[in-house]
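We begin with a single chain expressed as structure tokens, specifically the form predicted alone.
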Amino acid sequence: MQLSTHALTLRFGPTTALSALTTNFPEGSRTVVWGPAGGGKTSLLKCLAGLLRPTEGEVRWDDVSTSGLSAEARRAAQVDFGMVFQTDALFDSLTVLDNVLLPLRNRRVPEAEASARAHEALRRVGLSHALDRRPEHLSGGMKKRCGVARAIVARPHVLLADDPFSGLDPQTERSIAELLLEVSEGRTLVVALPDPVDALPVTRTVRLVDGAEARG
């Protein structure tokens, strides 16, 4: 899926998070969106995924403007997106396996198929040995891996990752970067970071400052 924004503006009351941003993310590309805190990186990822609606301008999924979609059509299209959150966003009351199963159960995927897909996703991220653990018993790197497994279990066409290296040591950062590159093969990957990192080679970078793309 190709993503693009056209004069995308997002405001929260008097605060402008994104300002007339026009950019694109070609299908199958790998992009790092980087810049200082408060620059609009997380807001952009959420707009790309349809989790936030633009105040002005638009987001397009291929050639379709999300502004013209009904709520039902938007939800149906969001199965094409997987998102890795900065805070992991794991449910402490659920095991690793149940956290990864959750998106499939929400989509009412048959239990046998959901279980097979969750086990495969956890195998890919190296957590087959931790299926019954709860998040409180996982290291920071394991939590990130669980978040990646949950993001890819629905087999999305687009993978979005919001500062996935936050709080990780350099070795674990490299490990998670390698994992993101592996699981995003053939997908559109957009990663939000404070700064580009050598461990994550990408097709292109977009620098955001005060909600606008900074050139040069």
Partner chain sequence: MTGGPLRVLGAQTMLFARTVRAAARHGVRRREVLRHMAELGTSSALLIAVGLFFFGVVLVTIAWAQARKYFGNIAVLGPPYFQLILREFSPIMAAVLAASRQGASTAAALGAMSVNEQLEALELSAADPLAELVAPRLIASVLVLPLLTVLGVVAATSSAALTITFAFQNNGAAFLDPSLVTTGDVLSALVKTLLCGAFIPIAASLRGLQAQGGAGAVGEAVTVGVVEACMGCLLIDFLVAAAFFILSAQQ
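The model shown is predicted, which means the values in this text are computed figures rather than measured ones. Residue numbers count along the first chain shown, from 1.
In what follows, reference is made to the form predicted in complex with its partner chain, a form of this protein that is not presented.
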query: Heavy atom within 4.5 Å of its partner chain in the predicted complex - residue from L179, V32, A49, L168; finding: A49
query: Heavy atom within 4.5 Å of its partner chain in the predicted complex - residue from L97, M83, A114, L138; finding: M83
query: Non-hydrogen atom contact L102 with its partner chain in the predicted complex at 4.5 angstroms; finding: yes
query: R75: touches its partner chain in the predicted complex, heavy atom cutoff 4.5 angstroms; finding: yes
query: Contact of L131 with its partner chain in the predicted complex (heavy atom, 4.5 Å); finding: no
query: Residue contact check: E58 to its partner chain in the predicted complex, 4.5 Å heavy atom; finding: no
query: Its partner chain in the predicted complex: contacting segment from 187-195, 64-72, 32-40, 168-176, heavy atom within 4.5 Å; finding: 64-72
query: Those residues of 97-120 which, in the predicted complex, come within 4.5 Å of its partner chain by heavy atom; finding: L102, P103, N106, R107, R108
